[in-house]
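Here are two versions of the same chain, shown separately as structure tokens and labelled structure 1 and structure 2.
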Structure 1
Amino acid sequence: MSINARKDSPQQTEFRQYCQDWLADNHPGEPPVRLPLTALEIMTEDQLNYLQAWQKSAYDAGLIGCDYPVDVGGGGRTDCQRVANAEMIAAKTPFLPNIIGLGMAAPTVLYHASDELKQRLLPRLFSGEDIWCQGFSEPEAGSDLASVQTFAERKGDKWVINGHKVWTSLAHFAEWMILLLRTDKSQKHDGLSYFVVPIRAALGSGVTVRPLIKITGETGFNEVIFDNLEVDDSLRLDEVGKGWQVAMTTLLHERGAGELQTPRSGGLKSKSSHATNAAGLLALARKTQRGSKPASEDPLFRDKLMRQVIREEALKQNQRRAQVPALLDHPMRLALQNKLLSSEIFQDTAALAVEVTGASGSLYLGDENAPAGGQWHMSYMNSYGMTIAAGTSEVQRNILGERVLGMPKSK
């Protein structure tokens, strides 16, 4: 085991330089529209167009899909995606809109689809021309994902799908869906199969997408109804009855614990975008008058503010320590805490900000007197998306307790 933090290989060094040069000349510049916090809150075509154009240019330049084989549209490199990610983030680029495609669908397709499907699907996924969505959750199947009921019945070399998916982020923009469904009602895990489905092409003929409105008032996720949708058997990934294993590949990558690094960019702030972090919180406390003095001079608030500062620094140092094997007891111990901690720290920082603003904390987006234009409330509410989606905080604690600490499995 190496005791040092990972150093660049010669290929990575060269590629890093290439990324830096390209980014210096090709940053897309100030967005013409207010960007949402993440791709999951994209609401308008204008936002989407701007972000898709960015993803396409980054892909064409070779910064996306770097570690995928060349014949499926990738860059054929080794361990270079994280180099591109670091450089894109350092250059404060916009985020990539096709996050479900890149983070979940692409590795799943790579490991489980036929060569023909890979070659057909992946290039347009990487370029962002095809947006993807994930059809896993259902009204009766959330944390207990293996209980999904959406059913596909075999008809020759076709399947007929009926069922109901919910919370399907980006479905309103998506061409394709990764779809976990049931092909055998007599077994739980072994009755599942996995498909890729062209939902946009089937709108109005077997697929209905209805937007759901979030607690913030934003849209972004949907319910998707399948009513006798016919799909070709060639769109099935892996064998019939192996859907759960395929879904594990998806979830592993969703949690950042998969083999392939997800392409990531970000850091660009549009004019009215808002940073939910300790620095923003301190700035707010300094300028918020509570009684005769700023909230930042109140000893109780100072104590709470410092708790958030310390947690945020600790998360950053966890990420640093995760790269130093000599200071790790278990290879997944810090990696598996990342999602849980970042979402909970974000949530608590936003909650404290709302508390700091006192009576003005009642004001929301539509009020000109709202602190930070009401964005702290927006962040606070959106933080529940983070602690619920992609494995709730409770499910994350189960995973940590079982996989890392080795405690017996809970139901």
Structure 2
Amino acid sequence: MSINARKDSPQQTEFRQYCQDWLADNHPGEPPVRLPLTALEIMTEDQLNYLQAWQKSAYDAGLIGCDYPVDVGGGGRTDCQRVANAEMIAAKTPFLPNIIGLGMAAPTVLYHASDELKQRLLPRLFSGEDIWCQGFSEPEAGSDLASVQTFAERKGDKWVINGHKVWTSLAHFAEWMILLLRTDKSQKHDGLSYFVVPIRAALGSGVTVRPLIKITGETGFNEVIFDNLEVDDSLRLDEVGKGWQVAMTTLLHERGAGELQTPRSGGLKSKSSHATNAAGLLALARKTQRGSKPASEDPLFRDKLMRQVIREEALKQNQRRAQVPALLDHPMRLALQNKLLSSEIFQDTAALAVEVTGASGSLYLGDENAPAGGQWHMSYMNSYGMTIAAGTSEVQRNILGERVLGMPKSK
């Protein structure tokens, strides 16, 4: 029995057993395609179709949207999503492709949308039939989110949108976008409003999606151009001018303060993938020769390897602490801290893997001699997106210092 299971309520105990039984009977097995590192790197229709089918299956079985109300497509349970997440991780299932929809759009829609809009959007979001993306960053407004300039002009019960969003993960597959817009140019924070927009239906007639090629050669990012896109006022969340407050709901969940509706680690490993954690790093070091012996036997590498093992274990225990209300001295501290540290630990682990492989690490995907199929170097290059997404590490440290520790703002 796991530590988490020992603390389960009767409802959670019953649900955990149900999850275990269902996953044992319905595990999808070896994927027919190479899976990317995370949902944010999905590039091909084959990858997406496989992962969407898995999410639909898990949703139909009640393992997704567990804690949402039944009338919006949820399971109507209490604090059971984390149980389903833990069991999916333990079973090494594929990740869920609709990560932005589940982790950011769903809670924002739940807290700020009309009942009609919730009932319209959430069931297909949970099932993965509608993929979602996030329209926040702009070429001139990345970390300074309040400076977005994509503008919506009101015309009766419609809004006409013009502007440019960038670094938009999954936009090439997305049906819907959560979109922060400026509706008043004379105000900064109070001049923002928040919409949900059906971008796929408008491709070629108000919306253009252009892939951005990353250093890895993948195209998970995109830029999205709005050219006189007309949307109905019913797609606005909350009041006009309240977009900043709605965006804070989104960011609260993106940064981990809300329970993400998708596993964040573990998962099914395809033929060419690997474990991008300390255990995977140790396995790599044991079979990689450095001189006349494995890298794992080199004292300097051993020190570095054990530092990553310790950091990863500390992070895991911090995540456990975050589930105990009595230990939360500040509602945002552990969540923000875990986002910051998890992204940097992942990056440092991948960087050490690159160091371990040495010159052979210059071999890339597809080369039969590349260590771990070239996947560690892919992980290292992708890791920079993780330390930028949801606010850069620098932004996270500022938030922790100013809002959690009460330190004065830097000048």
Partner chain sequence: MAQPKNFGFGEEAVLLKESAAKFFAENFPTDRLHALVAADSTPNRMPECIWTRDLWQQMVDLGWTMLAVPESAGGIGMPAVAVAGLAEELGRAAFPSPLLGTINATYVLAAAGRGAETALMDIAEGQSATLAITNRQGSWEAEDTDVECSGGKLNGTAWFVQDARKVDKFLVSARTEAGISLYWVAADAAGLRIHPDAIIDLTRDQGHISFENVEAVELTDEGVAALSKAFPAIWTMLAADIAGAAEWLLQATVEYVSVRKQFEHPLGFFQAVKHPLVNVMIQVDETRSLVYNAACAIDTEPGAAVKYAHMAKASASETAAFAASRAVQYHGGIGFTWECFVHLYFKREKHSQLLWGDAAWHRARLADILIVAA
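Quantities reported herein were computed from a predicted structural model and do not represent experimental measurements. Every residue number counts along structure 1's sequence, beginning with 1. What we label the rigid core is the largest C-alpha set whose atoms superpose within 1.5 Å from one form to the other.
Asker: Do you reckon the form predicted on its own is 1 or 2?
Answerer: Only structure 2 matches the form predicted on its own.
Asker: So that I can tell if residue 384 moves, could you say whether its C-alpha shifts by at least 2 Å between structure 1 and structure 2 after the core superposition?
Answerer: Residue 384: C-alpha displaced by less than 2 Å between structure 1 and structure 2.
Asker: Superpose on the rigid core, then tell me if the C-alpha of residue 360 is displaced by 2 angstroms or more between structure 1 and structure 2.
Answerer: Yes, its C-alpha moves 2 Å or more.
Asker: Indicate whether residue 372 shows a C-alpha shift of 2 Å or more between structure 1 and structure 2, with the rigid core used for the fit.
Answerer: After core superposition, the displacement of the residue 372 C-alpha between structure 1 and structure 2 reaches the 2 Å mark, so yes.
Asker: Upon rigid core superposition, what is the positional shift of the Cα of residue 304 between structure 1 and structure 2, expressed in Å to one decimal?
Answerer: That residue's C-alpha is offset by 2.8 Å.
Asker: On a rigid core superposition, how far has the CA of residue 293 moved between structure 1 and structure 2, in Å, if you could check?
Answerer: A shift of 4.3 Å at the C-alpha.
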